[in-house]
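Next comes just one chain, in structure tokens: the form predicted on its own.
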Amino acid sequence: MSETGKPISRIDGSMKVSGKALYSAEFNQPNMAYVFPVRATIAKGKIAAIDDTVAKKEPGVLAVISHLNAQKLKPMDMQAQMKAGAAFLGENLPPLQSNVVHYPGQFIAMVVAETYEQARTAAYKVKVRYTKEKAAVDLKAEIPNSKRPKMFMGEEAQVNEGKAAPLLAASAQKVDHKYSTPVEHHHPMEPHATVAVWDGKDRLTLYDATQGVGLTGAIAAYFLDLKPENVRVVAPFVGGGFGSKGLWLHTLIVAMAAKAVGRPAKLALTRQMMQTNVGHRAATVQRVALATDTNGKLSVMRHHTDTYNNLTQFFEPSGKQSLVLYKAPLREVTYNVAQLNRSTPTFMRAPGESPGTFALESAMDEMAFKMKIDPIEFRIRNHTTKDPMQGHDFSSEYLLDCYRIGAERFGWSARSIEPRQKRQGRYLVGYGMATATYPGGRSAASVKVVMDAKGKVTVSTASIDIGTGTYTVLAQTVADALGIPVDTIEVRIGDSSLPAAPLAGGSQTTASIHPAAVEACVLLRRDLAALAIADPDSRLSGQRLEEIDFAKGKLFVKSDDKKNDSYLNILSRSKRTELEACATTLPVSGAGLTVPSALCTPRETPAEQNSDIKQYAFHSFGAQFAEVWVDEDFGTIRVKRFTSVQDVGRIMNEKTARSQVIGGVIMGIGAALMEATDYDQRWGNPVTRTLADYHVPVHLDVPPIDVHFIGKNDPHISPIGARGIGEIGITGVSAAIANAVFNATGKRLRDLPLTPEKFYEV
């Protein structure tokens, strides 16, 4: 029976609950020093002077390092960085290289000391004098000064600009509203942390909380001017990331500190630093306009986003889903991007789609209500099986099934189109739904499989498990590809010295590394078969390779399974202590970040797969359903139950997949009801500085969440048929909740989070 798909528990779970799983901050070294950064207290300007006299006299202080005495790093050079695989940065600002301040909290110096407490105490005694400049701290005030970027991640940013206005003006059936989303922060449970260890002058090991050991290593090698093979990055366990880990340059600060004092060094960011130094989701102000004919068929869609960035070309791409969902003759997607003196925005779980589906799916609900059409029926009428921009069929698409199954499981038929029709005591009860979507990506990846003479199998790749279940699902894949039990397999990941794999982001890990794992197992089985065929003592002696199959740790002849030979016997007779195979599979479909180099011989890809990316569009889809109870006296909103139905291709492990969707839904509940980072409009610094201020859902905020998967293979994304799950779960959640609030109360809330005071502002 196949191991793939079974809801087996995580094979790394016992290590985590027993404390044996080591995270980056726990790789303590002998004679280790501690680093604590000094952060800027202004939003914009220059450092005029740094006085570290008092700090240097503090007990245990080994060094105070700033732009005045820091190691010189290789300067930014985008072409050279791209060649080195180091162009994908969180912010384009090599640390401690100049006296220019770009945002509050920017790292401008560091103290290195014998203990963490000594470093922190001394850091607060470094005196900095600034020359201040007028800072841009408010998005709405800076929109008149914003720019309209031409490109985003290699695609046109401004699509059909100006073409929607005539059609909207001529339409009698339309909605046109603004929706806003606040700044959100990732706040993974594990803070960012790095331990740097030098071996001589030119070999560096980094134990780092990163979503991509290969990327972090390439960045360090480039800026520190080291040979890539001389930088090793280790991250066997990562306590959450959500897009925030692996792109930031504090790793360089730790390496610089370790070199300066001649001993290993550690930096663990505080929760306050995670508000200013490792990215966030930028605030958006979105305007969505829809128009239909008299039958409820969309004639035009327009989605405009005002947002901001700083020290990066990245901005929140909130119009992405509006280029994918629904059938409309014309769609216009545009952006204004201001530059604020605020820490650099970055990718956060479902970048673009999370805030973008709130706006689009709220507008779809508003249009459906105006037309007096059930929201599901309205979406069905406008459903498309083709990518609206490219005209390609989707590689695998079961969105209509998501609507149907979700409605049945949720009990949608009990909903009234008219609001305020259902009560439970003093609570108004409402039902809402929304569509979920996220691209299906795949990148090049390498995997090595080693079988020893005792039957133990080790599978190795430089991929990362950020809590998604990579250890477990990879073991299941290899178990099936070799016909052996899961408990005989050891999975080694999170080490840049292993075969190369892409960043664990963009929901691409499963689709990328598992085809390589299967191909490595195919090569290993062929090598075992070759040994057996050439061995006169084997029952498979003289057989043709194509006549041999495998199961239960054996090779056998397809036409006569009594002619078999076990893997262990084959290895024993050939006097092999182990046998290994390594394979690299290239991305033949989907979009993704290709690893800089492959460590294995690439497997030949069938020609028909190579053509798939030119014939199909790769996306996942889903339907989100929420029931809310609203206390009309206090304006409080409770999500009482939630149903999520997802079409994400083949399900590799039902338990870990379900956990991913549950996590996404919970994060979506946070975005809908409570998450927001507020800034002091005078100084530009965040005032929600801890998890006491930045509210995230806790147990009492989370209702029963019903998750269902369509589970049908995508035949074009890869031979294994699986797309990513990590990001789609959050998309559409906030819209489903907001739409349910309208159904309950008749009040349309268009500004996240849906906090009680906004209930009375409408």
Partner chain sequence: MRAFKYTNAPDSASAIRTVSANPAAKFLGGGTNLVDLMKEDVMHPTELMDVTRLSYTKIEKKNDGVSIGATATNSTTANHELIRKNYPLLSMAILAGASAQIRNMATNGGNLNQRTRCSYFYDVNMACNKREPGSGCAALNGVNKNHAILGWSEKCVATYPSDMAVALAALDAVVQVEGPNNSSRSIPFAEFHRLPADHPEKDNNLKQGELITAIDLPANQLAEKSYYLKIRERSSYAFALVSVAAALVTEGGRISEVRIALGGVAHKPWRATVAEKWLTGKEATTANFKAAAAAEMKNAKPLQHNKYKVGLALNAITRALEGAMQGGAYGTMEAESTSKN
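The structure presented is a predicted model; accordingly, all values stated were derived computationally and were not measured. Residue numbers count along the first chain shown, from 1.
Beyond the structure shown, there is the form predicted in complex with its partner chain, which is absent from this document and is the topic of what follows.
**Student:** Given that its partner chain is left out here, which of Glu519, Asp565, Glu627, Glu353 has a heavy atom within 4.5 Å of it in the predicted complex?
**Tutor:** So the residue touching its partner chain in the predicted complex, by this definition, is Glu627.
**Student:** Could you check which residue among Ser171, Thr384, Gln71, Thr121 gets a heavy atom within 4.5 Å of its partner chain in the predicted complex?
**Tutor:** Exactly one residue meets the criterion: Thr121.
**Student:** Would you mind picking out the stretch of 732 to 740, 694 to 702, 43 to 51, 63 to 71 that comes within 4.5 angstroms of its partner chain in the predicted complex, counting non-hydrogen atoms?
**Tutor:** Stretch 694 to 702 is the one.
**Student:** Taking any heavy atom pair closer than or equal to 4.5 Å as contact, tell me whether Arg287 reaches its partner chain in the predicted complex.
**Tutor:** No - in the predicted complex, heavy atoms of Arg287 and its partner chain never come within 4.5 Å of each other.
**Student:** Considering non-hydrogen atoms and a 4.5 Å limit, does its partner chain approach Arg203 in the predicted complex?
**Tutor:** Heavy-atom contact with its partner chain at 4.5 Å: absent for Arg203.
**Student:** Heavy atoms within 4.5 Å of its partner chain in the predicted complex: does Gly553 have any?
**Tutor:** Result no; Gly553 lies far from its partner chain in the predicted complex.
**Student:** Val687 near its partner chain in the predicted complex, any heavy atom under 4.5 Å?
**Tutor:** Contact with its partner chain, yes.
**Student:** Which residues, if any, of 385 to 414 lie within 4.5 Å of its partner chain in the predicted complex when only heavy atoms count?
**Tutor:** Contacting residues: Arg409, Phe410, Gly411.
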